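Only one chain is given next, in structure tokens, and it is the form predicted on its own.
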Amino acid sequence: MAVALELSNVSKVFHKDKKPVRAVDGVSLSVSPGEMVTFLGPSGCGKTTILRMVAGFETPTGGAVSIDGRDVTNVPVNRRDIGFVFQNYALFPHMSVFENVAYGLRVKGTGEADIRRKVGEGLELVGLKGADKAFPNQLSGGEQQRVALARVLVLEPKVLLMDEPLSNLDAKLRIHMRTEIRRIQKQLDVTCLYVTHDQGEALTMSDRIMVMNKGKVEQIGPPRELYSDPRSLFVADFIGQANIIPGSVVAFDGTNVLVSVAGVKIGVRAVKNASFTPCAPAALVVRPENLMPSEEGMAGTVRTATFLGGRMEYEVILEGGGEVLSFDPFLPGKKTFSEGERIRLYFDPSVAVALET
């Protein structure tokens, strides 16, 4: 049965060269039973440190960690009933796949009949039925990752923690494995915290994403919400590709804001809790797929035109401001543009959002 997890104002301070470094700064998070929450952010933002505090490998400097309503802040690792899948697979090279998966069960003193049943079920769950006699060096990277996952899952943890488990795989295999991990997590209905710096993984696997920057939480929400309604320029730039176009506020009614951009006045949604004032700087966030060629709109010149198989990708330098926009239209059978060609770009105001700068 899935359990809830709670982080309450958790902080962690390390000391480097005798100076305090706040790696995690007052993070609070409530995770529902069976939910998959991904920690996303650049290297050094505190993602893995939080995961290690949940696991018990690090003790918080402040705040509390609760699992299933129980405060585990100072509980040893082996009494938290968590499973941790590491970035490196950490398989025993001298042991067969069966023995690698069975290792934790043997440490717990599980009976031999139960070990054979659980290992068989675990290997079947991760798609490795019949591979029990193989050794790690006979497996591909993806298969080794599956063994590492099975080794954790057979222990039936209350909470599954995963620290960039796909970073050592090639791009195509990563895409396949993230689908498999999400399938298994939903099938088992296990509460999961997943750490990555890969936005593609975060967007496709998560119920919610927690975007972090310099130890703090920038925004928490479902993938679609973070993509369409970022609350900061950092989130807008980190989640997917984004055109961030500087402009000047003309008017603001509390919900919508009229912004002057590249000689054109455009009315768009304002970010939540914004307080724009006339003539103040603002930034429009527009995704590349939402820019379309038009007879009216922002004028510019195509700087680069790149063929990517099923689509074209353009960079356009706006007239006046000199800003470079990414332009990614899906126009099968329609006109393409050449480098140096003049163009006007339009976007539906409903798909853009204005942020304070």
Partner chain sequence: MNSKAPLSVPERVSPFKRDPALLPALAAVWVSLAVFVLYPVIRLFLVTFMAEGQLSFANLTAALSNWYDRQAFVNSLWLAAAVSAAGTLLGYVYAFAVTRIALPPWVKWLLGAVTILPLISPPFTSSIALTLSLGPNGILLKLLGVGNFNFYGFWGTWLSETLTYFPVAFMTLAAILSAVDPNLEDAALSLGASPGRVFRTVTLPLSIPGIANSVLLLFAGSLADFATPLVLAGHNFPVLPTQAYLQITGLYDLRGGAALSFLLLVPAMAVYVLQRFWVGKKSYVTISGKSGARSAFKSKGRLAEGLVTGVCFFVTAFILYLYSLILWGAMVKVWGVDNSLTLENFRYVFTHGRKAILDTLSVAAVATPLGGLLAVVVGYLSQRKKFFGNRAMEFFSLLNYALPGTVVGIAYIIAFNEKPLHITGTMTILVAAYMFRYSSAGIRAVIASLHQIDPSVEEASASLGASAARTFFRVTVPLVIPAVLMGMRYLFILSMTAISSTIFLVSVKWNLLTTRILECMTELQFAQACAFSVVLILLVFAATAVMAGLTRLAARRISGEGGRG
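Predicted model, so just to flag it, every value in this text is computed and none were measured. In this text, the rigid core denotes the largest set of C-alpha atoms whose superposition between the two forms falls within 1.5 Å. Numbering follows the first chain given and starts at 1.
Beyond what is shown, the protein has a form predicted together with its partner chain; the following relates to that form.
**Q** Can you work out which of V235, V257, I181, I82 has a heavy atom no more than 4.5 Å from its partner chain in the predicted complex?
**A** Filtering the options by heavy-atom distance leaves I82.
**Q** Considering non-hydrogen atoms and a 4.5 Å limit, which listed residue (L128, L91, V249, L169) is close to its partner chain in the predicted complex?
**A** Looking at the other structure, the residue within range turns out to be L91.
**Q** In the predicted complex, do M36, D207 and K216 all reach within 4.5 Å of its partner chain through at least one heavy atom apiece?
**A** Verified in the predicted complex; spot residues all out of contact, no.
**Q** Please identify, from 93 to 101, 221 to 229, 265 to 273, 181 to 189, the stretch that has a heavy atom within 4.5 Å of its partner chain in the predicted complex.
**A** Only one stretch qualifies here: 93 to 101.
**Q** Taking heavy atoms and a 4.5 Å cut-off, does T277 contact its partner chain in the predicted complex?
**A** Close contact is absent here: in the predicted complex, T277 is far from its partner chain, nothing within 4.5 Å, heavy atoms only.
**Q** Give a yes/no on whether L203 approaches its partner chain to within 4.5 Å in the predicted complex, heavy atoms considered.
**A** Taking the distances in the predicted complex, the answer for L203 is no, it never comes within 4.5 Å of its partner chain.
**Q** Find out whether any non-hydrogen atom of E164 is located within 4.5 angstroms of its partner chain in the predicted complex, and reply yes or no.
**A** Residue-level check for E164: yes, a contact with its partner chain.
**Q** K158 versus its partner chain, in the predicted complex: is there a non-hydrogen atom within 4.5 Å?
**A** No - in the predicted complex, heavy atoms of K158 and its partner chain never come within 4.5 Å of each other.
**Q** If we check its partner chain in the predicted complex, which of the residues in 1 to 18 reach within 4.5 angstroms of it by a non-hydrogen atom?
**A** The stretch does not touch the partner at all.
**Q** Using a rigid core alignment, state whether the CA of F135 is displaced by 2 Å or more between this form and the one not shown.
**A** Result for F135: yes, a 2 Å-plus shift.
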